[in-house]
Every structure is written in C-alpha cells, then in structure tokens.
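Below you'll find only one chain, the form predicted on its own, shown as structure tokens.
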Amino acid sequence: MPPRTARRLPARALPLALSTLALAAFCAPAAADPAAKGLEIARKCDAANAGFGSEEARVEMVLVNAGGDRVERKLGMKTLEVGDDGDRSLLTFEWPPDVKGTRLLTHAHPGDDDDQWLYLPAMRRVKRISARSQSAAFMGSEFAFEDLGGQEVSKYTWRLEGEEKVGERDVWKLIRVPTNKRSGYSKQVVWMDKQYCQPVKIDYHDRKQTLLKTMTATAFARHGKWWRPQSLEMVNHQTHKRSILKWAERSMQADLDEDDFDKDALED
C-alpha cells in the first residue's frame, strides 16, 4: 500500500485559516499583570471586610522572651469604621496594675500618615507617636505601632506572586510595599486566605531587606459575614522573642461612636 500523504488545504482556504489563527491570537487573554492583579485582590478582600460598623473585644496579650519567660496582660479593644476616612481604634490595658489604664488611640488615614496617641497613666500625660516613631515596638511587644495602625490598601503597592497553600488553606501570595518611606519595613509578604479574605501569615522584612518578623493568624471564626482570627502570634527572628494576642470575647456592630475615640478623652 502506498504511504499516505498529508492532506493539503486548498489554496483558497489558506487566507481564511491564517485569518482565523490571527483572530484567535488577538482574542486570547493576555497574561495578568502581577501588580494589577495584586491590587485587585487587595481591594476585593478590603471590601469583604468592610461594613462591620464597629467592633469591641477583650484580648489577652502574652510576651515571651528568648529564654521562654512569659508576661501576661489583658486589654480591651474598640474599633469604629469611618465612612470618609480610615478606621478609629482604641486599645486599653486593663491588667496588670503596672500598665493598667495605658491607652493607644489610632486615627487611620488612607492617604496620609496615621495619627496615634499613647496615654501613660503613671505620667498623667498623652504622648503623640510621630510618624518616624511608628516603627518602634508597642509596649515592649513584638508588634510595632504601625502594625496596630491602619492597614488600608492605599498604604501599599501590591503584587501577586502566585497561589499556594498554608497548611490546608488556599491562599494568594502577595507582596506589599509600604508607600510611607518612614515605615520600618522594606516589604511584607502576605499569604491571603481566599475564603477568609484575611492574612493567615505575613513576613515582615526590615529596611535592610532582611526577614525581621513573621505574624501567623489562626483559629478563625465567623462573626456575621466577617471572618476574624482568634489568635495572632508575632515572632521576631532576630531577637527570638514573640508576642501573642488571643481574643477572649468579640462583638461586631457594637454600640460605639466617634466620641469613644476622642483624643481629649484619653485621660478620663
């Protein structure tokens, strides 16, 4: 049997075939820009976490030094959404007696530096935390003042690195770089949970581009339509210290208003 020869398209079909291939190439989706995709995911998750109005909680803070010694504290937390600005938040130490009454008030601003004030009851005065000082440690913990400030999308540039798993959780791996040149971080690597729309892990790199800290969020619970972690652990890889926040109580849409976040009322 003679060998089969490849079938040739008739000459008149060639222009049509080439046109079809060109059209398919033109209509094929272009590879997503990592920066645009990262920003899109950040905005999506920000929207998913909006609308709670206000939140009130009781939290336990545990400080663990490199030798394993532990110091325990108890705090109250209040948060208020502000429609035309960033969130307001107030942390109040309730125990032990040596820090009782210490308060941190934050007025977050999407397009500007956050305003932060620390009330120290032993000195009976309110100290303003300057923008340059917001990279400092908060009350001896591994959380910096800027970690407790506004986390608005506009405070960072974003880039999608890929999709991964953290444990059993499906996440987006994002790089966010603070737009504030006075930030204590050169970049943060964020593993954003696809369901929770919350970070389950963040690596913080210092100004020398070296890994400084890792925050891990666990024990997520649903409050209405919002997911929140019940535990945050911040590990400092350079000092080998760590700090843990554990939520004992949390209520969404609490009875709060802007008067609860008045700087002039910090000393009351």
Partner chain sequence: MSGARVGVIGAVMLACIAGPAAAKKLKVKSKGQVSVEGRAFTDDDIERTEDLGLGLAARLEANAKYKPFEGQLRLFSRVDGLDDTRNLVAIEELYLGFKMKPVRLRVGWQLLNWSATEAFHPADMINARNYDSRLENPDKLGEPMVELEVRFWEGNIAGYYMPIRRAPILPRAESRLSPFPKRLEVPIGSPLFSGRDRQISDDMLEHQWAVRLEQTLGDADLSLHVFQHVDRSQPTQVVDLTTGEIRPLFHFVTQVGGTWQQVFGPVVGKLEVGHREFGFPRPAERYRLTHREMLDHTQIAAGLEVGWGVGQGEGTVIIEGQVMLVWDEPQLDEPDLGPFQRDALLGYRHSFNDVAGTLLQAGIIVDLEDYSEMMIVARFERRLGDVWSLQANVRAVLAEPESPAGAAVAELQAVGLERWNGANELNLTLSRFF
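Rigid core here is just the name for the largest C-alpha set that superposes within 1.5 Å across the two forms. Residue numbers count along the first chain shown, from 1. Bear in mind the structure is a predicted one, so any value in this text is a computation, not a measurement.
Only in words, not in the display: the form predicted in complex with its partner chain, which the text now covers.
- A residue is said to contact a partner when one of its heavy atoms sits within 4.5 Å of a partner heavy atom; Val177 fails this definition for its partner chain in the model of the complex, lying far away.
- Although the partner is absent here, Glu249 sits far enough away that none of its heavy atoms falls within 4.5 Å of its partner chain in the model of the complex.
- The closest non-hydrogen atom of Ile129 lies within 4.5 Å of its partner chain in the model of the complex.
- Taking non-hydrogen atoms only, Arg73 approaches its partner chain to within 4.5 angstroms in the model of the complex.
- Here the chain stands by itself, but in the model of the complex one stretch of 95-103, 191-199, 159-167, 146-154, 95-103, has heavy atoms within 4.5 Å of its partner chain.
- Contacts to its partner chain in the model of the complex (heavy atom within 4.5 Å) from stretch 178-197: Arg182 only.
- After superposition on the rigid core, displacement of the C-alpha of Asp115 between this form and the one not shown amounts to 2 Å or more.
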